[in-house]
Structure formats: structure tokens, C-alpha cells
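Listed next as C-alpha cells is one chain, alone, in the form predicted alone.
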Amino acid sequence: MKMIENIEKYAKENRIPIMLPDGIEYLCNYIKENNIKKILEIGTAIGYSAIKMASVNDNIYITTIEKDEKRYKEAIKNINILNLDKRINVLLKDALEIELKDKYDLIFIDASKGHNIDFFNKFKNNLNDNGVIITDNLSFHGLVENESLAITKNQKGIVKKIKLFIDFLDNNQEFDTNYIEIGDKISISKRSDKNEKNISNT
């Protein structure tokens, strides 16, 4: 699709991070195979991943949050051109300052890496019982696995925060997490069976 190629080109030219091709392909296949209908995305950017997810089938509805106004406007433009505005609702807001009551089959975290734990804890209550939280960029272009490649102070800070998030997932009693070595490495977190049993026994 020409429009998708244009969005990818715009992202590259303007240094806007979007999911790597095999990462977004995996995510879309996961949505299809697990019959996911309602999605919350943290970090719209220019609408690329929301558009790709919504394109899986016509029954998918997405709420996506973006705090950068320029990116928000670009996302709205892209979504409108593709006539997806009825199924993708973009909110111009800081995700940590918004309160949502709806429940979602999938929550996709792809925003500020330093706030992954905050996003996870804030929105886990918006997850359906059998829902899943997926987080992108856990490799951070290989820097997490090889920290010596991190040159700038900013890179080193992000790597440290991603490692803290991975540790948070690994030690989380409420969710079980699998890591998929695709794209820039993603995590898939589901409520633990043990946790569900504990809830049912109380």
C-alpha cells in the first residue's frame, strides 16, 4: 500500500521511531491469531502501528494516546486519509495523566522507555481477564544486550531503565512474561494462572 510506504518514508526522514518490519508483522499476526478486537496503544507517534493493527480486520477498534502535538496531527492526517478514523481514536494527552474506564484485549506499550513500569502498572487494570500487555523496544537496537555500545548519557539512561523494566517483568507475581526476539525484541505479558487461582480462592 502506497500510503503505508509514505508513512514509513516520513518516519525515516524525520527520525520518528516506528516498529521494525518483522516486529509489526509479528504483532499483526498475533492480533489475527488471537482474535483481538479492542486495543489500547500507549504512544501513537504518527499512527503507523495503529494503522497496521487496525488493518488486520474491520472489527478492530483502537484507542491510542500521544502527547506530542506535531506527531498527533500527523497521525490524525494519516488515519483520516485511510478512512480509519471511525476505528482509531487518537487522544492528545500524556498517558500518565489520563483515566480510562474501558477494558481492552491488548495493551501495546510503545512510548517513553523510562515510563514502561508506570504505563504497565497504570493500565493493567484496563486489561480484560484474558488480555495481554505487549511492550516493544526491549533490546533498544542491541544496546541492552551490549551496554558498551551505548555512547551518550541519554542512551545509557534508557538502557538502564529498560533493564529495570525487564527485571520488573521477571519478578512480577501478577503477570507471566515471554520475550520474543523479533524486531527490537518485544515482551508479551499475561495474567499469571497462579494469580488467578489465588484470586478465586479468596
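Numbers follow the displayed sequence, beginning with 1. Given the structure is predicted, the values throughout are model-derived calculations rather than measurements.
The discussion below concerns the form predicted together with a small molecule, not included here.
65 is the sole member of 31, 65, 39, 138 with a non-hydrogen atom within 4.5 Å of the small molecule in the predicted bound form. The single contact residue among 81, 117, 100, 96, judged by any heavy atom lying within 4.5 Å of the small molecule in the predicted bound form, is 96.
Using a 4.5 Å cutoff between non-hydrogen atoms, residue 54 does not count as a contact of the small molecule in the predicted bound form. Interface membership of residue 18, defined by any non-hydrogen atom within 4.5 Å of the small molecule in the predicted bound form, is confirmed. Taking the partner from the other structure, the small molecule in the predicted bound form has a heavy atom within 4.5 Å of a heavy atom of residue 110. Using a 4.5 Å cutoff between non-hydrogen atoms, residue 122 does not count as a contact of the small molecule in the predicted bound form. Only one of 166 to 174, 39 to 47, 153 to 161, 54 to 62 lies within 4.5 Å of the small molecule in the predicted bound form by heavy atoms, and it is 39 to 47.
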